[in-house]
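Next comes just one chain, in structure tokens: the form predicted alone.
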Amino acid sequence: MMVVLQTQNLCKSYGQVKALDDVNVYIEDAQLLAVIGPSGSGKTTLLRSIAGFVELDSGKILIKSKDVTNLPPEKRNVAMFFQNYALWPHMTVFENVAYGLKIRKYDKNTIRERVEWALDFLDIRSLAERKPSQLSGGQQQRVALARAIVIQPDVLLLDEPLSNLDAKIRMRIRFELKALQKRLKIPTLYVTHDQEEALSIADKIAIMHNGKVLQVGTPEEVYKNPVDLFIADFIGVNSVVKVKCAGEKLVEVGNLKLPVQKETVYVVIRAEETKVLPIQQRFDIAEGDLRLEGTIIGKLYLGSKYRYEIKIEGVDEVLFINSEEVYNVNEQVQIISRKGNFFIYEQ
């Protein structure tokens, strides 16, 4: 596959804060790369620098092997979908979608044909004469997408595209957005704070923290093989057990004895992949599985499940684990995490 978008060693600082710290990512033809990370990690700065709205301190941005680093936004042939949709309130849907073509000096016939194609593609042609104030949030989102794709960009940039929708609509739109991107075959950079959203729709995921890209891989790779403690804790619903080694070469965590080189061991447990069982129930433990014992000290009802706060014997931390089983506060339980559903890091 051909690399369409590539960033090379992007750096951008605001005072003492490094918003981008030697960032290298690439997107191949028709791929969707999701960029996730906590607030302030640099993901939006990366998106805006590719769009041409941020002047870099150093580094290069290549689109179809062409250096566009110093080109203005309108010369890059990228389309950016803004979090707040940024529709012109005084324009109709048709006029909003046509706007990007007009400033690119297309003739009237081409503009009409392209706008009608985009409206049909997103099934909103019936809304063509409405103003944004007459549209629902989902309809406004489709108009903003139509405006982005109508210019037939080389790269589509999406900034938190589903954040303004309620949870039920957001779940449905994920499927539509993924299908839409595959039909369009436009290389897409998708910034989101919602890791579940990224895991569900991306071909690749880049995880950022403090301006750096820490890991890039398929959703399965970053979920099952996180390269460090931050990523293991950030991806998925997790609990972290911290064990001080006190100079010992071997430390016990539950039923496991771990050889260690450093002062502290962190065990990141995938809470959604973990079983909570009565303390007396027999359970076959395979080699490499983790078994902990603890006491339930808190309980929340979540509908289909309960969320339990569990104090683990021998460590200061508590675990937060969801289970369909019903237990009482102060009840003793055992926690079983299969090999591959927990990760061990030394620091």
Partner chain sequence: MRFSIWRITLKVIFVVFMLLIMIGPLVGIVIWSFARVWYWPSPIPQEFTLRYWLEVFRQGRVLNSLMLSVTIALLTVVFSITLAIPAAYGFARYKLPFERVLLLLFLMPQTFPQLPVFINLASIFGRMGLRGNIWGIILAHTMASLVFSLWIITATFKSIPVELEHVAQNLGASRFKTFWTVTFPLAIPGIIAGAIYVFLWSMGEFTAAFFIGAPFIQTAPVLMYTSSMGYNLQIASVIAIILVIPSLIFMVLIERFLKAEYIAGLGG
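Positions refer to the first chain, counted from 1. Only a predicted model underlies this, so the values are computations on that prediction, with no experimental measurement involved.
Here the subject shifts to the form predicted together with the partner chain, a form of this protein not shown in this document.
Asks: All three of L158, V213 and Y223 touching the partner chain in the predicted bound form at 4.5 Å, heavy atom to heavy atom?
Replies: Per the other structure, none of L158, V213 and Y223 touch the partner chain.
Asks: Name the stretch: of 28-36, 50-58, 309-317, 280-288, exactly one has residues whose heavy atoms fall within 4.5 Å of the partner chain in the predicted bound form.
Replies: Answer to the contact question: 50-58.
Asks: Within 4.5 Å of the partner chain in the predicted bound form, heavy atoms considered, which of R104, H193, K182, R130?
Replies: Partner contact (heavy atom, 4.5 Å) among the options: R104.
Asks: Let me know the one among L256, V237, C245, M91 whose heavy atoms come within 4.5 Å of the partner chain in the predicted bound form, would you?
Replies: Contact residue from the list: M91.
Asks: Does any part of G100 reach within 4.5 Å of the partner chain in the predicted bound form? Heavy atoms only, please.
Replies: Yes.
Asks: With heavy atoms only and a cut-off of 4.5 Å, decide whether L135 touches the partner chain in the predicted bound form.
Replies: Heavy-atom contact with the partner chain at 4.5 Å: absent for L135.
Asks: Flag F82 as yes or no: does it have a non-hydrogen atom within 4.5 angstroms of any non-hydrogen atom of the partner chain in the predicted bound form?
Replies: Within the cut-off, so yes.
Asks: Should G217 be counted as a contact of the partner chain in the predicted bound form, where contact means heavy atoms within 4.5 Å?
Replies: Output for G217 is no: heavy atoms all beyond 4.5 Å of the partner chain.
Asks: Heavy atom within 4.5 Å of the partner chain in the predicted bound form: which residues of 146-160 meet that condition, in order?
Replies: Residues within 4.5 Å: R147, I151.
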